[in-house]
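So here's one chain in two forms, each on its own in structure tokens, numbered structure 1 and structure 2.
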Structure 1
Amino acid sequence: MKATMADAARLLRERDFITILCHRKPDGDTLGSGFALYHALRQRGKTCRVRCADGFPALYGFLADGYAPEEFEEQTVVAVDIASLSLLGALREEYEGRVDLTVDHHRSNECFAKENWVDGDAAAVAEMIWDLARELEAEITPQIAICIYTGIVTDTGCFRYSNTTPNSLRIAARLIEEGLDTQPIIRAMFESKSPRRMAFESQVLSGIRYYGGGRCAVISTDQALQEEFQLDDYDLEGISALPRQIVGVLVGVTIRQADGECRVSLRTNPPVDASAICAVFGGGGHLRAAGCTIPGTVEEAERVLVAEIERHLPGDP
């Protein structure tokens, strides 16, 4: 059933022994939201923990600073920034049918929990957690502030993406007014690239392909290339945004092949809806940023994907 912030706060006041789930291949919003909620609930005397199928990558280690998970028999399960059960990854089997509350901002949310608070107007789930923490009368401590700010800047591209709202900026301003030093977060998230990453980026961009009269740009990589440059998934943060930055491109596509399938990231400019394209292939996401998985080779995935994208391009180039 659909829920409101008041419903979410009521449930969390009444419950204890709470597990907070973040999505697989976690980003700054799911982890920032998860740990901000964790600290807010701990202030209320709740026993809780944060879980993610893929753990907490080093890039976001500062969000889990000092975290020591407790073992307990959970009574309540909360999912943050998770639009579908598939995003639970290896935890799906354990938690399918057991999620009590979802807090999410994806309009494509499948409402798989018993109560589902979904706000498609929020730029990041961290904005919703900001409201929820204050509804729970939690103090916005420095650690909560770091978590919330990280979630917001992750999903707004440091306030560059079109999903940025006045509320995004108001919350960020409040956090800065309260003394948050944003520069370490900005440097870690947006201004740090290893020499290996720069060399990889140069090689990938040298093979860019254009379609639809230059309005669609595609880059691709495979597992062998990542291994050659000794990169993991988190070294590749931001790669998906590169094709969309080209003048005249409405749809930027990044295809990453691994284990017999292709993971696709779409970034679009108006008027193209990224989530509508990805939904055709069983994926989803946001208006300007979405993803899906297509079985087969890069060439096969690119062919069917471009055919679908060209159906969504407006008029003639």
Structure 2
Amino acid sequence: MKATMADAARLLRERDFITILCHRKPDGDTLGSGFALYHALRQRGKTCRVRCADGFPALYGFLADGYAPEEFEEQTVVAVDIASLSLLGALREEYEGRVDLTVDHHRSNECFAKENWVDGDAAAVAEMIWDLARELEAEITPQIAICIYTGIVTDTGCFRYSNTTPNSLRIAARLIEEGLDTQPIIRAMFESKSPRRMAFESQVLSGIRYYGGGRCAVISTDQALQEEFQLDDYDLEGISALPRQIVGVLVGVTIRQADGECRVSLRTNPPVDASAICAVFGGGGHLRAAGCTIPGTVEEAERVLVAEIERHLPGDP
């Protein structure tokens, strides 16, 4: 059932013993939203906890400051920033059919909960939690401010992405006005590359290939390189944004070879449709960011992919 913010607030006021679920491979928005909601509900005297199939990565440890998990028999389940049941990861079996409330901003949300508050215009779920916390008459404490700001900057790329709205900026303005020190958050989220990651980035960039008169740039890694640098998914996702940042590049391609296949990430600038290219290989995504999987070596995947990309480049460079 579709729900509004008022419905969500009513449900949370009435209920207690609440588990807040964050999505697998958690990011700053799902965790920031989860912990902000946790603190707001605790102010209302509720017993609650935050759960995520993949735990809380060290990078986001500051979001869990002041969090003391409790054991209790849960009576209410809230999913934040979770568009589909598959994003519950290992918790799916435990919670399928048992989610009472969804708070999410993905238009594709599958509405798997009993009540589903989905606002596709919100750049981050944290913006919805800001509204909800105020509706619940929670005080925006310093820790709640940290959590909400982190959620917003995560999903807007620190106000760079096109999803950034006047509301995103105005909430940030309010948080700074109330005394939030944004700098530790900015450093943690955007200026904290590991020395390994820095060395890896340098090596990957040194092997960049250009096609289509410089309008397509390809970088790649293979399993040996990933193992040499002991990189995790977060590191690998971070490099996908690099090729598109080069002047003149309309299609930035990142190929990650592992287990006999290549995972391809595409980022495009107008007018190239990333999802249309990936669809040819059975993948999909958004207009400016999409992905697909192609069997074979990096060289093989690159050859078929570049041939397809060149068909999508505009006639006059």
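Residues are numbered by position in structure 1's sequence, first residue being 1. Keep in mind that this is a model prediction, so the values were computed, not measured. Here the rigid core means the biggest group of C-alpha atoms that line up within 1.5 Å when the two forms are laid on top of each other.
Check your understanding: Form predicted in complex with a further copy of the same chain, is that 1 or 2?
Key -> Of the two, structure 2 is the form predicted in complex with a further copy of the same chain.
Practice item. Treating the chain as two rigid parts, state the angle between structures 1 and 2 by which the smaller one turns with respect to the larger, in whole degrees. Key: Expressed in whole degrees, the smaller part rotates by 20 degrees between structures 1 and 2.
Check your understanding: Cα shift of Asp235 between structures 1 and 2 after core superposition, in Å?
Key -> Here Asp235 registers a C-alpha shift of 3.7 Å.
**Study point:** Rigid core superposed, the C-alpha shift at Glu310 between structures 1 and 2 in Å
**Key:** Displacement of the C-alpha, rigid core superposed: 8.5 Å.
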